Each structure stands twice: as C-alpha cells, then as structure tokens.
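Take a look at this single chain, the form predicted alone, given in structure tokens.
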Amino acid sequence: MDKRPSLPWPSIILCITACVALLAGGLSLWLVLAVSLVWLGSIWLIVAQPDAAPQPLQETSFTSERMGELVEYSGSPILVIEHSRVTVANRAARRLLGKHLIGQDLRMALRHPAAIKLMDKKKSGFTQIRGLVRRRDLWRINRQVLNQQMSVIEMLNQTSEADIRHAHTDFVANASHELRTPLASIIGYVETLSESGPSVPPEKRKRFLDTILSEANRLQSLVSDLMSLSRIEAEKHEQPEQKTDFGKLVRRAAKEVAGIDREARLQFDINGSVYINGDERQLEQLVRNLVDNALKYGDSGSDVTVALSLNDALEATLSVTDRGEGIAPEHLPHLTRRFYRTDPGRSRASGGTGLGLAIVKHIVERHRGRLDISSEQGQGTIFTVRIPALEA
C-alpha cells in the first residue's frame, strides 16, 4: 500500500495566489520567490512527516509496595488501607501507633467512633479525633479514596495549633480582666468626684485622687509590661551577639531598682567579671524584675542576696535569694505563666502586674539559658539563671 503523503493542493494554491498578489503590489520578484520557497518548503516538511500515533498512557497501578515506597519518609503518619485493613504504615505512623497495626482493621487500630464513621463513607473526607494517643491530642484524619478497595489515610497533629489558640484566648481574657480592673476603679472615683463636686471633703478628695493616681500608674505598668513581653517574644529566635560584662550590669541594675530606700538590703556576692553575649536592655530588665520581686515579697527587714559566678559548665550563674515566707510547692511550676499570682491581693497591692516572671523566662530563653526556682516555706526563695558564658 502506497503511504506517500498526498500533496496539499489548497495550501499550494494559496501560496501561488499570495505571491501573485505581492507581485501586483510592486514587491521585488526575487523577494517574492524567496517568500514562496520558504512557504512551500514549510508545507512540504509538515506533509512529509509520518503520522505520529499517540502512545497509550500506561495505567498507574496502586500497589501497596509502590505506595509504601512513596510515603515511607513523610513527616506525617500515613496509612494505606485495603478492604478496611492496614497494608502500609509509614515510619511516622509506626512510631505513633506501633508496628503491630499492619494487617489490622483500621477500626481496631484507631478505636475511635469518628474514625469508624469516616471509614464507612464511600467518598473521601476528613474528621478530627481527640485523645488518639494522649488525652489532649488533637488529630485531623484525612481519607482519600483511590478505588473501591484502596484508600489512603493521612494524620495531621493539630495539638500545638489548638494549644496556641487556647493560650491566645486565655491571654486575651486575662489581659482584658487586668486592664478592666484599674480602669473601672479610675472611672468610678472620677464619676464620684464629678457628681459630688465641691461637697466632697478635702481629705476624701485627696484619698480619691491618690487612688486614681495609683490605679493609673498600675495601668501604665501593665501596658508597659505587655509591650515588653511582646517585643521579647518577637525577638526570641534572634540570639544576642553583644559582648556584655554581666557582673557590672547585675550590680548596676540591682541598685537602680532598689533605690535609696532599699539599697541597704542588698548583699552582693559577685566574683570578678563574667562576660556573656547578651542584650543589655533585656538583661537589665531581667535583673530588675528578679531583685524587685525579692525585695517586695521578702521580709521587709531582711536582706536580699544577689550572687554571680562562673560554674564548671562555663555558665554565668546569677542567683537572687530572699528570706521571705517562701512559696508552696504546688505554685512553683506555674510562676512563669502570664498573670499567675500566688497571692493576687498582695501582688496588686504592691503594684505587681503578674507579668514579671513571664518576662524573665522569655529573656532567659532568648539568651539560650535556663531558669530554676527553689523555695522552702518559712525560709525564702532562690531564683537561679544560667546563661552560657564567653571564654576568658
């Protein structure tokens, strides 16, 4: 059978017509010949090519072995399910649920009503499961149906996101409460003075104004601490690189926060110069918060010891020791939480915002250090900060 290509006469006739029109338009004969040769040559190249039969697409075979190779090193737990049984579990899934789940019915492996309901559906979908491994865990289970026999399960751990949302909600609620309290007090006293006018006795007026000033100062301190905490959290991944004489800074900051009235209560035990990489502004805030807490909550007539040394692990070790009533053991794990107070009334009366130790914790973390708190009731409390030091 002759498979030579047939000539495309319509295209050839169109080419000749176009060339005649170009000649009639006054175009050079040689230029028209060149155009016609290019045109006819391109037509011939197209016609002369043999027909390329489209290659059939190879069907993808969803085999357990193939799927296992694809998902083994995924960071998320992934299961391949065939006829409701687990045939593939990647490394993350085995670490989460155990190696024994391969071959099990998924309903038995997960043992959760929401998972059973998801598997009973014929279509792809997702559900959320709480308490899959631990009580507070929250997992999103995605199911993708591949065919009538096979489906893929992807498990996404959403516990951290849920904790962040919860912490954010708690923080907003606590901050709103802390801000509302002084504002309500200020508004109440101002309204009383405004409505009573000159009938308010001078002594009472002065007491009201003193309260307004005290609450306004407390509000200012609270806003300032909130802004400080926000800045510190924003910078927590940026490790400071400024060489700082920590001993000199500790002595200066402690004296500043003590002031003239309380400086006599400070006892220093600083052995020479200890240098660290640090943010001086934040380190000063750390020292002021710790020393101010010790002076406030220690016995008014007792000393506060501020010690700094270099330990065997090449860490600058700062300790602030008061000789107050001490802190009950159940309170110790919560002291660095925002707005946590062991004695709310006493804290507010002394002007505390409930953010001081939270700020200390974040400053220590930014400097790649650690904070330890030890206390014995009736003996006092020791706050110890350890920050990597620079070699001499």
Partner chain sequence: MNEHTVKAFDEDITRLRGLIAEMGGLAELSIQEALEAMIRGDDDLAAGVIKRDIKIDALESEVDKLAVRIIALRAPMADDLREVIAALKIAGVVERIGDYSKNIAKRVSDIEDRKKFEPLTLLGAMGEAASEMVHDVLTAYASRDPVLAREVIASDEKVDAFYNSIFRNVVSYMVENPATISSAAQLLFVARNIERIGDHATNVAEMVHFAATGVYPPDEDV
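Take the two forms, superpose them, and find the largest set of C-alpha atoms that agree within 1.5 Å; that set is the rigid core. Note that this is a predicted model, so its numbers are computed, not measured. Positions refer to the first chain, counted from 1.
FYI, the form predicted in complex with the partner chain isn't displayed, but the following is about it.
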_in the predicted complex, the one of Leu249, Leu138, Leu193, Ile116 near the partner chain [non-hydrogen atom within 4.5 angstroms]_ = Ile116
_Quick check on this chain: which one of Val223, Ala264, Met108, Leu314 has a heavy atom within 4.5 Å of the partner chain in the predicted complex?_
Met108
*Can you pick the stretch from 182 to 190, 212 to 220, 227 to 235, 129 to 137 whose heavy atoms fall within 4.5 Å of the partner chain in the predicted complex?*
129 to 137
_At 4.5 Å by heavy atoms, is each residue in His331, Pro333 and Arg341 next to the partner chain in the predicted complex?_
no
*With heavy atoms only and a cut-off of 4.5 Å, decide whether Gln104 touches the partner chain in the predicted complex.*
yes
*in the predicted complex, Arg205 touching the partner chain (heavy atom, 4.5 Å)*: no
*At the 4.5 Å heavy atom threshold, is Arg288 in contact with the partner chain in the predicted complex?*
no
_4.5 angstroms heavy atom contact with the partner chain in the predicted complex for His112_ = yes
*Within 4.5 Å of the partner chain in the predicted complex: residues from 287 to 321 (heavy atom criterion)*: none
*With the core lined up, does the C-alpha of Arg111 move 2 Å or more between the shown form and the other one?*
yes
*Align on the rigid core first; then say whether the Cα of Gly259 has moved by at least 2 Å between the shown form and the other one.*
no
_Shift of Leu229 between the shown form and the other one at or above 2 Å (CA, core fit)_ = no
